[in-house]
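Only one chain comes next, encoded as structure tokens, the form predicted on its own.
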């Protein structure tokens, strides 16, 4: 059932300004070998790893709206934060450079993780981003409150340096900092609509979308998009860091803010927010043997690389849901590839070790 037609949702999205950052539509194709190998539903892939900016990824779709907001507010620097090898920070820096905005990155480095110029950190350095590395503490992840306090210090420093800075929340996913609308999630309402239109043009319908979920904006956008134009589609977010209860509440809040921004006048039942925390493995950013094996399997079967932090866990989930019988031959599933493949390189020793045991 549709609450509104896809063309009406498109009109609502068109009221939000955005810059030209990605190659759209990104590819949508059937995974022939994975479908045959797993013996369950037809499996398709949406290739947002091929968005085109830097190494590609889902954050570029969000940044189309966020960069427009930065320009609209006449800011000339953007400050954001995340982990040392953050895809979000890389794509923010690349998008900012493309539009003449200075990128200032606060990167949190866990104890024991080498701060070598590798992976996304190398790419940040090539972009000449202003990088500030903050050491974490043994056995704990920085809290949102602690990180935002560090960002506020950087905001004051940037103003002293002569910038008019914009504070972008982690992942561009939710209202916060300088962002008063959930622009990243709005980008993924558009992402769902793009996927839906591609499937319609091929005469297809799909029953499930499975994707890696980190800061909530991608899942919230997909959920709102599906609820608007085809609420028979089930969105499954595979959490890579948070437990189900707290993360579900975060995603629901972003969904409600997104619906309010788009002036969508329908209810969103709690069961529409499906977060799975069964696939956290050993924790965020920890590369296990099972992750490495699914990276190899996907590469061997389809010639497609996943990343070891996000999409690898989402593919483990997809294969497990088929084995458990939750996804069957009666379904048609879309794996939404959110990018992050540059993270393969700083984990090369662990991946090599697991795959040569």
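Residue numbers count along the first chain shown, from 1. Just so we're clear, the structure is a prediction, and the values are computed from it rather than from any experiment.
What comes next is about the form predicted together with a small molecule, which is not displayed.
The closest non-hydrogen atom of residue 93 lies beyond 4.5 Å of the small molecule in the predicted complex. Put simply, residue 247 is close to the small molecule in the predicted complex: some heavy atom of it is within 4.5 Å. The small molecule is not drawn, but in the predicted complex it has no heavy atom within 4.5 Å of residue 80. Within 4.5 Å of any heavy atom of the small molecule in the predicted complex lies no heavy atom of residue 237. Stretch 211 to 219 is the answer when you ask which of 93 to 101, 198 to 206, 211 to 219, 175 to 183 has residues with heavy atoms within 4.5 Å of the small molecule in the predicted complex.
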